[in-house]
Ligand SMILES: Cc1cc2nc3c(=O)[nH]c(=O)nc-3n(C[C@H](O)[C@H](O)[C@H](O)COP(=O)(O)OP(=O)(O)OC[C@H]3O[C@@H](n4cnc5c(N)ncnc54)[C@H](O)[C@@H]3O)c2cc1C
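Okay, here we've got a single chain as structure tokens, the form predicted alone, with questions on binding and movement later.
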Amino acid sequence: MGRPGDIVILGAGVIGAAVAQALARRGAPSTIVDRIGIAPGASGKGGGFLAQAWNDTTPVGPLARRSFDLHRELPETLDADYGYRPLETFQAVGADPEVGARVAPDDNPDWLDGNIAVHGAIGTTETTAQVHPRLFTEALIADATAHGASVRTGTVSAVTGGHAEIDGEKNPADAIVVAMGPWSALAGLPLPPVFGLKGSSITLDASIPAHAVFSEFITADGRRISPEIYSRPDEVYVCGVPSADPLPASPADVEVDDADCELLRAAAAGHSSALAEAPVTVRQACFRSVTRDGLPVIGPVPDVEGVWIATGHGPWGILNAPATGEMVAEMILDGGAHTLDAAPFSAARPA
């Protein structure tokens, strides 16, 4: 293994990119296949928030901590500026002014001058950080291709041991990694159910300090939502309105809900006069891959030799991508993961 073409990674989102980068750095370049291109789904439209310890009460805790450490190291490895930086993170509550006026406390960060009250810090520059997801995914793939990997477009219709059917043709491979997010079921493999959870987001042409804010917010019509606001070096990202829309056939078919985006804009305005005055630059939506038990699926596919799966990371795909890539590379090249215990994420666990 390790000859070009022997390893095929299906999906050019952040998980597939991290697997490709980890393999290439160990001298095992792969072919990365995606029907659209790099970061077409949540990896291009997510928030990119990184938290060291927020998963410590779950089996994901060690994976998250290892990934958080790798995120700190990767800026020295990847020859790209993808917006990595530590953040201060706050928890807040607020409401649209029409619901009821409340003076912002004096100890709020200066930019949080709306009808909002910060309850406290829930992350420091030592424990929370961020990347720009699309730029991070592109940087991982650029590093992989610099070390021998390649990228091609194609639609996957089936996967069997030793072959991936792409655009109607069987492509032989010694190792196949399925990393197609909520579309991983299209590979037709025996896996725990993986679903898609839709969320809307917007970006604003604004500049605020390196902060993230997680809020509970009452809208003008009485709805309770949980907006998340992330400062980026050149914009502000806002999300936090989930949707029950069904998963479409392709990331290209995801529809943007203008009403949800307007709700996010109004919530941002309720937090800050700087955000209230900022134009919306992007309105978008994506589907994150989720599982019934809330744990990702990482490991060999049962009863299908030479096929591995890496999906179901929920809202923590960007955070947990580096350690997932490391684990899958160990599984393929060393016969099993040894940096972390992969047992909780087994594809053989009960559905």
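Remember, it's a predicted structure, so these values are computed and weren't measured experimentally. Sequential numbering from 1, following the sequence displayed.
As for the form predicted together with this ligand, it is not shown, yet the points below apply to it.
Against this ligand in the predicted bound form, the set Arg35, Cys286 and Gly314 is in full contact: each member has a heavy atom within 4.5 Å.
Contact with this ligand in the predicted bound form, judged as any non-hydrogen atom within 4.5 angstroms, is confined among 22-30, 60-68, 297-305, 38-46 to 38-46. Contact annotation: of the candidates Ile176, Ala268, Met180, Ala144, the single residue with a non-hydrogen atom within 4.5 angstroms of this ligand in the predicted bound form is Met180. Screening Tyr84, Phe217, Tyr237, Phe90 for any heavy atom within 4.5 Å of this ligand in the predicted bound form leaves a single hit, Tyr237. Contact between Leu319 and this ligand in the predicted bound form is found at the 4.5 Å heavy atom cutoff. In the predicted bound form, Val151 stays away from this ligand, with no heavy atom inside 4.5 Å. In the predicted bound form, this ligand lies within 4.5 Å of some heavy atom of Tyr230. Within this chain, Ala12 lines the site of this ligand in the predicted bound form, having a heavy atom no more than 4.5 Å away.
Counting a residue when any of its non-hydrogen atoms is within 4.5 Å of this ligand in the predicted bound form, there are no hits in 63-79.
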